[in-house]
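You are given structure tokens for the same protein chain in two forms, set apart as structure 1 and structure 2.
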Structure 1
């Protein structure tokens, strides 16, 4: 019950955050220069057509009225009608969100799988050539923009050696008949993996570098603790010390940085999807902003904000599974 109460409390605390996201986004979207009606109907629409469109989408009402009406619609599960696409916002988000979630999940899987061993090896071999190489790799990864990494990957692996495709993305759950060159489900998975490789490396490099640095520093701190020195004095093998005594205790800072990196990953997904021409939430947001599609901007921002909030709550809850000393009130 303690964990459930804590989760409920954290979700309740997230409500003002989500409200703030909607308010700021609504004000910024309204402040964008231009007229969405002109974008929809052309530069010289008739007065009757413009008035009809404004009345249909509520653009003729005061700002505060439109905002509160939008909140009421959101509470009813209605994110409005897209001005640009002419379909419900929820439909477009349902089409694009799985693509972005797949990209985020694959990039974090790559980042964690590469960063944790790299950080452990770097800490174990402190001030040796392996450590220096690891630190340089992490520094370069943190300092390099994801879009530049994506462009370099396209030039090298898509055009020079032609190992991977440069654009688009094939979803692993796509029907076999919808994927060119696929005759079975395994073929679809292989083609999807090839399409996903370069975007994953592009988006996951920054996360990998940040996690590596935290993993290294956290492992160094734990390996210098008194109980580790005592274990060494008793002749416990170094591998056992790393696996049973040091690794788990060093993961709380790593979990924290993984949760914080979610914001960076969501922002990087916009650039990554643009570079690789992936039809995800990132390109959907850009299209909405360029065309002043207020409803679509609000809907995509709200959904990505919810993704971040859920990610932070999951990060907090995972502390208890890694470190038994962390309690959420079960013993109260």
Structure 2
């Protein structure tokens, strides 16, 4: 019950932030030089035509009226019409968002699966060779641009040894008939996994490194806590301490970092999608910006902001789930 109310309260708190995102994207988009008139009618439109188009898009109204209208249509689930693609923005986003979510999900899955054991081993074997290696890996990981990792992976794994493909991502939900060399759903999944490997490594390395570092220091902190010392004094075996006493408490800062890494990862997705020529949200937003497709810019930014907000709310809820000390806010 408490958790449900907590969730509802968190979501309610996210509303002003989402409002703020719409305001910022609206103002930024408004500041982009040029308007739909010049894009639709070419360099020298007649005054009459221009006025007609302006009226059609409501551009002759004052800024706050336009913002209000925009908010109203967003609330109705209408993000406008993409000028470049000539289809509703929502349709374009519905097409691209799953690809980016897939990429983000596989990167975080890789990052967490690699980082948690690495951080724990590092903390357990503090200042031993294993620890040094894992710390160097983590340091290099947080210091390397994801798109460069992508380029290096392409050079090594796509061109030199040719284990994994570098372009034309195959989606796991693609129809079997549309995938070359696939005769069943399993084939499609295998091919999709192969295609996803390099982008995942490219985007996930930074997350992996950041999580490893925080996992290690958090684990070290917990392992030097009084209650762990007490457990040791009672003769509880070290592995039991790690597994039963330390692990859960050490995960709290880790969960926080995972949530905060989401915004970096979304930015990284733009670069990763560019490097691997993936048609996701990142490349969509770049296309929108380059072609001055205003509605598409606003729509994509808003949706990616929403993805982040939802991600953080989910993080917070899992935080509350792991840490019983987090009050569900009744007393706050």
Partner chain sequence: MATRDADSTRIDVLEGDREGDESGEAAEANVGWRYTLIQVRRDPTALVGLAIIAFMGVIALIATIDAVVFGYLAQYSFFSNLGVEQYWFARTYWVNPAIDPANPTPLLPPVGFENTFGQGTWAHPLGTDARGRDILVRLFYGTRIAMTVAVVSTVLALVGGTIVGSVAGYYGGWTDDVLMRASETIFAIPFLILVIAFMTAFGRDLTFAMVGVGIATIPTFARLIRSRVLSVREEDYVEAARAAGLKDRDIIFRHVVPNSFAPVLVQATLQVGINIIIVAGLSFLGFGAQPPTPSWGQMLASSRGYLLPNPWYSIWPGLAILVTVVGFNLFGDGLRDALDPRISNQ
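Numbering follows the first chain given and starts at 1. Since we're looking at a predicted model, the values are computed, not measured. The term rigid core refers to the most C-alpha atoms you can superpose between the two forms while keeping them within 1.5 Å.
Which one here is the form predicted in complex with its partner chain? Of the two, structure 2 is the form predicted in complex with its partner chain.
Once the core is aligned, does residue 290 move its Cα by at least 2 Å between structures 1 and 2? No, because once the rigid core is superposed, the C-alpha of residue 290 moves less than 2 Å between structures 1 and 2.
If I superpose the two forms on their rigid core, does the C-alpha of residue 307 end up displaced by 2 Å or more between structures 1 and 2? No.
Quote the shift of the Cα of residue 64 between structures 1 and 2 to one decimal place in Å, the two forms being superposed on the rigid core. After core superposition, the C-alpha of residue 64 moves 3.2 Å between structures 1 and 2.
Having superposed the rigid core, state how many Å the Cα of residue 51 shifts between structures 1 and 2. Its C-alpha moves by 4.8 Å once the cores are overlaid.
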